[in-house]
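Listed next as structure tokens is one chain, alone, in the form predicted alone.
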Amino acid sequence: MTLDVVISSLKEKFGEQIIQDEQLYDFRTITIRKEAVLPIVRYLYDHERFQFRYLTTMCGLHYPKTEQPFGMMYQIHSLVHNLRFRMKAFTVENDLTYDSLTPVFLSANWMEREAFDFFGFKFKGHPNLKRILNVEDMDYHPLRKEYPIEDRTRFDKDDTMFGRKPSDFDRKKLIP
């Protein structure tokens, strides 16, 4: 059994739901339509030969300057054949709802709660979707790339010491 056989089977069964198939670094990755996540995972889980029955990980993605900036990444593993690959499914900001994988993998429960907490994704059919690590009344999702990484108001940091160009931000405007 090889991943080529598995991916060929997925392409044959799901056709246009598979958008892209590529080798990223040492990981085979397919990009799929968001609506196909649960049917594909269920197919791979239930398939008599493939037996992808271990959800290694899943997490949220945010690429702000792209057409579909939000996405979910899933890695599943067939322990019987020692095969694993990655699936990605992207969406837009006003449609962050995915089907929950908890009917197939109980371990998806915690990972979906984490994606909800840190990115704001919602999962249709999740048994208890609420924040898991941040406080309940927090009104933002901290892993979205909506904020600058560095505090631009700091005076004590010299960007040139880190091999970067000096900041173009005029800190003097902050002084009253």
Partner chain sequence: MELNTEVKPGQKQYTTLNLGPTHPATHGIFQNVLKMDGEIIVDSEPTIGYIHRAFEKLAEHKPFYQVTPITDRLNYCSSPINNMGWHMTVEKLLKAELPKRVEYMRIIIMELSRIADHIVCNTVIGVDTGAMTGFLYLFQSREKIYEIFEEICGARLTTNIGRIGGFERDFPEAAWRKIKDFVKNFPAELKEFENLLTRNRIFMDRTIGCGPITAEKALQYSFSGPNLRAAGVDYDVRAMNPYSSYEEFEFQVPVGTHGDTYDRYMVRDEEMWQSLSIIRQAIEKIEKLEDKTSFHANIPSFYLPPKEDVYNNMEALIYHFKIVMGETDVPVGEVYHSVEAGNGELGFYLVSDGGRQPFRLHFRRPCFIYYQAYPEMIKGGFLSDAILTMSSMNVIAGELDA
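This is a predicted model, so every value here is computed, not measured. Positions refer to the first chain, counted from 1.
Keep in mind the form predicted in complex with the partner chain is missing from the figure; the text below concerns it.
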**Item:** 4.5 Å heavy atom contact with the partner chain in the model of the complex for all of F27, Y63 and E114
**Value:** yes
**Request:** Classify K122 as contacting or not contacting the partner chain in the model of the complex by the rule of any non-hydrogen atom within 4.5 angstroms, answering yes or no.
**Result:** no
**Prompt:** Though only this chain appears here, would R49 touch the partner chain in the model of the complex if you measure heavy atom gaps against 4.5 Å?
**Reply:** no
**Message:** If we define contact as a non-hydrogen atom of the residue within 4.5 angstroms of the partner, is N134 a contact of the partner chain in the model of the complex?
**Reply:** yes
**Request:** Check whether M73 has any heavy atom within 4.5 Å of a heavy atom of the partner chain in the model of the complex, and answer yes or no.
**Result:** yes
**Asked** Just one of A36, L44, L129, L55 has a heavy atom within 4.5 angstroms of the partner chain in the model of the complex, so which one?
**Response** L55
**Fill in**
When the partner chain is considered in the model of the complex, the residues of 65-93 having a heavy atom within 4.5 Å of it are M73, Q75, H77, L79, N82, R84, R86, K88
